[in-house]
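The chain below stands alone and is given as structure tokens, in the form predicted alone.
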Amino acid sequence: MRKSLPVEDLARDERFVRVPITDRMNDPRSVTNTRMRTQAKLTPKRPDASDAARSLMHGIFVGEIQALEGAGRTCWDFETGDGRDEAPFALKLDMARQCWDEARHCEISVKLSDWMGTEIGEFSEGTFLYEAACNPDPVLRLTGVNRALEGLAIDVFNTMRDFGDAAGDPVLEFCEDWMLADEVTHVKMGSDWLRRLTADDPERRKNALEFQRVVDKLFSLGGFRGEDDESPVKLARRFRELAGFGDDEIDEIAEVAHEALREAQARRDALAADAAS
């Protein structure tokens, strides 16, 4: 089996349509550039609540596929050991356990998509989660995937669980609550292993946390994820605390989201100015 499989070689059937993150970020019609115009807190009262929830559910589904692929690659891509470019056997065991969880999440997500009236491939598949899981440094994989992207999954599952409760959908609420508990475990594994693997290497920890900040900013998607009450995806402070984040780290993620929102607003203003001229 090949090591470090590139994203373009991932197996997908004809139902899946991939859109690179750069295309999403540069498309003025994307969530990143339209949040202030069309995006708001996900509640049953939103006129587009059904489509927004189905789109988010589809995003969860493809994210679970890539999380499964990424955790599996970490088990395989690195030799077993304690070297800088190796992965301890106990870490591989944790990643294998995560593969088990992600496979179950894929099954749950497919059934939830059917329940919500969504077909696989109705919405596009972004690829950045798997790309973050291709980092050649196992510590950066942990921060980029387990702490940043799985951290986003905590926020998304919490949002979808609350939406299911508000919409009177016990199936959606129960399934999201079940998966949320797993995501807290996955993020906690990333937090614990980051500290263990960089205990004697502060420079490596600094670089890993900087990579996490880059990923967090990209996936704030112009303010789509934030801490204000109208954010489509709300930052889940309590669950992040359980997953090993300190208050200062959560504050920084909230500030990164605000910064992404300000930059997206600047892009929208520039587009409006160009259109007016």
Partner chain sequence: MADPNRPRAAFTPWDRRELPGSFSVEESAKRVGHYKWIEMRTFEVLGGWVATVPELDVKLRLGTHTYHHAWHAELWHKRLPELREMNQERLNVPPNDELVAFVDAMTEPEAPDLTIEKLVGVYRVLIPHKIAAYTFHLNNTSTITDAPTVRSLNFALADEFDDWRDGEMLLQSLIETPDEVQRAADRQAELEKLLLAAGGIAGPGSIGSPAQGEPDPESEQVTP
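Positions refer to the first chain, counted from 1. In this text the structure is predicted, and so the values were computed from the model without any measurement.
Just so it is clear, the following notes concern the form predicted in complex with the partner chain, a form of the same protein that is not shown.
> Given that the partner is absent here, state which listed stretch (135 to 143, 162 to 170, 76 to 84, 190 to 198) has heavy atoms within 4.5 Å of the partner chain in the predicted complex.
Among the candidates, contact is made by 76 to 84.
> With heavy atoms only and a cut-off of 4.5 Å, decide whether residue 15 touches the partner chain in the predicted complex.
The answer is yes: residue 15 has a heavy atom within 4.5 Å of the partner chain.
> Just checking whether residue 211 would be counted as a contact of the partner chain in the predicted complex - the rule being heavy atoms within 4.5 angstroms.
Residue 211 lies outside the contact set for the partner chain.
> Mark residue 65 yes when one of its heavy atoms lies within 4.5 Å of a heavy atom of the partner chain in the predicted complex, and no otherwise.
Residue 65 belongs to the contact set for the partner chain.
> Quick one: is residue 69 in contact with the partner chain in the predicted complex, heavy atoms, 4.5 Å cut-off?
Taking the distances in the predicted complex, the answer for residue 69 is yes, it comes within 4.5 Å of the partner chain.
> Which of the residues spanning 79 to 93 lie within 4.5 Å of the partner chain in the predicted complex, based on heavy atoms?
If the 4.5 Å heavy-atom criterion is applied to the partner chain in the predicted complex, 79 to 93 yields 80, 89, 92, 93.
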